[in-house]
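Here you get one chain, nothing else, as structure tokens; it is the form predicted on its own.
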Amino acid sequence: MKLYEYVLRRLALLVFVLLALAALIFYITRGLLPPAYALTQYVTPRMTSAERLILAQNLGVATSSCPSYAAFATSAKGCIVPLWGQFFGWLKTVLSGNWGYTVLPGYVAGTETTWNVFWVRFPYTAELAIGGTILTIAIAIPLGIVSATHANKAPDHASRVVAISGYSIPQFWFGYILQVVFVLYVALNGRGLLPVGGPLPTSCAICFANPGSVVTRTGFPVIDAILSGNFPYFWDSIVGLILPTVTLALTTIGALTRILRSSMVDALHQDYILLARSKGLRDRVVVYRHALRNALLPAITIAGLILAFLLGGVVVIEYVFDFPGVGQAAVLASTSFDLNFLELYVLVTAVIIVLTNLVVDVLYAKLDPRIRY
């Protein structure tokens, strides 16, 4: 099978995966809750019982023969549309691009669509995820290489300590420690060197107090600052990412470092490495050109999973550092019963994970010509 045929087949299977996941999520968010919760995003205090009944019927939750809203709210016989009927009605609505309204704190019910709120918040999560992944790779790959080339020696032991620390330290605790250190103890002119949190800090020692504004073209603060030519805004956006991305990197480098070390140790004991050394090639060429390329294959899988996980919403980091991303919004949605946002959040996360795995498979084939699908 050619590579493009494999990609097309995986994309076709994605449709069925999302359909099954949508059914599962719909059952969890709608089937396990009283039917009235489906109206949460639309009901206002001024609505009468008759208006609420009409709303429930328009949303496909209440039957047209239901006599009153009270009967609907108590799930009287003949008042509730079967769950499978609700699902197909909901599926038809979302496929048309209508994800309903959100009731997240700060938004008036029935005024802001779930789709708009999600995509306004997603760029903040994406910046954190991409920054954290880049920093993780930049640290983990050198650590893994040094650990493998100095197996059971001091550098290997030091790398192991860093990896185990990353596994063991809770993200929220490490994030708070960094905030305390760089706000209270590492200060300049009476102000903390780095900001406590927020996507655009202006109160730290190295921040611009008045960065101005930018034209929102992409929703990504860093990219919009570059496109607008606003260096203070760009600088403050980068400074705001430092502590969150460092926290993400420390807590994710462990897996990537250990996987790369194991792969490198295995590769360095292969016959083709012995042949390369016997030809008189320098150690740098043997390690980086021959061993590393083969050892990267399992590491790519872990890196892809890390990126997919972070893009799905770094909930803890966004909460600790007050980033208005989708992870933070998902927590708020779960406490305010914003079913529309939770459904969209889970499905988008699933798409990200599946597509990331597909990209990883393609990279496998490109890096190792022996792999065929």
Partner chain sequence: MESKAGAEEAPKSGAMADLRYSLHLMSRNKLVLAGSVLAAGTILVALLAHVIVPASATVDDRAIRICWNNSLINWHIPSINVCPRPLPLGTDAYGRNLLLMIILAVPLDLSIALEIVASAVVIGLVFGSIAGYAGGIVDEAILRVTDIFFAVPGILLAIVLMTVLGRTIPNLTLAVLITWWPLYVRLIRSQVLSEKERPYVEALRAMGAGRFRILFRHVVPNSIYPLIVQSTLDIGSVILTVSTLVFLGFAPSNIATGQTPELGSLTSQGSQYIFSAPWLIIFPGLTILIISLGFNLLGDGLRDVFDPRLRR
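These numbers were taken from a predicted model, which means no experiment stands behind them. Positions refer to the first chain, counted from 1.
In what follows, reference is made to the form predicted in complex with its partner chain, a form of this protein that is not presented.
Check: Quick check: do 47, 119 and 242 each get a heavy atom within 4.5 Å of its partner chain in the predicted complex?
Finding: Not a single residue of the candidate spot has a heavy atom within 4.5 Å of its partner chain in the predicted complex.
Next item on the list: May I ask you to check whether residue 173 falls inside a 4.5 Å heavy atom distance of its partner chain in the predicted complex?
Entry: Heavy-atom contact with its partner chain at 4.5 Å: present for residue 173.
Next item on the list: Check whether residue 349 has any heavy atom within 4.5 Å of a heavy atom of its partner chain in the predicted complex, and answer yes or no.
Entry: So residue 349 counts as contacting its partner chain.
Check: Taking heavy atoms and a 4.5 Å cut-off, does residue 345 contact its partner chain in the predicted complex?
Finding: Result yes; residue 345 sits at the interface with its partner chain in the predicted complex.
Check: Can any non-hydrogen atom of residue 218 be found within 4.5 angstroms of its partner chain in the predicted complex?
Finding: Contact check for residue 218: no, nothing within 4.5 Å of its partner chain in the predicted complex.
Note to self: To verify the annotation, which of these, 161, 138, 206, 76, has a non-hydrogen atom within 4.5 Å of its partner chain in the predicted complex?
What the structure shows: Of the listed residues, the single hit is 161.
Check: Want to guess which of 223 to 231, 120 to 128, 89 to 97, 173 to 181 is within 4.5 Å of its partner chain in the predicted complex, heavy atoms only?
Finding: Partner-contacting stretch among the options: 173 to 181.
Note to self: Given a 4.5 Å distance limit between heavy atoms, list every residue of 17 to 41 close to its partner chain in the predicted complex, or none if there are none.
What the structure shows: Result: 17, 20, 21, 24, 25, 28, 29, 32, 33.
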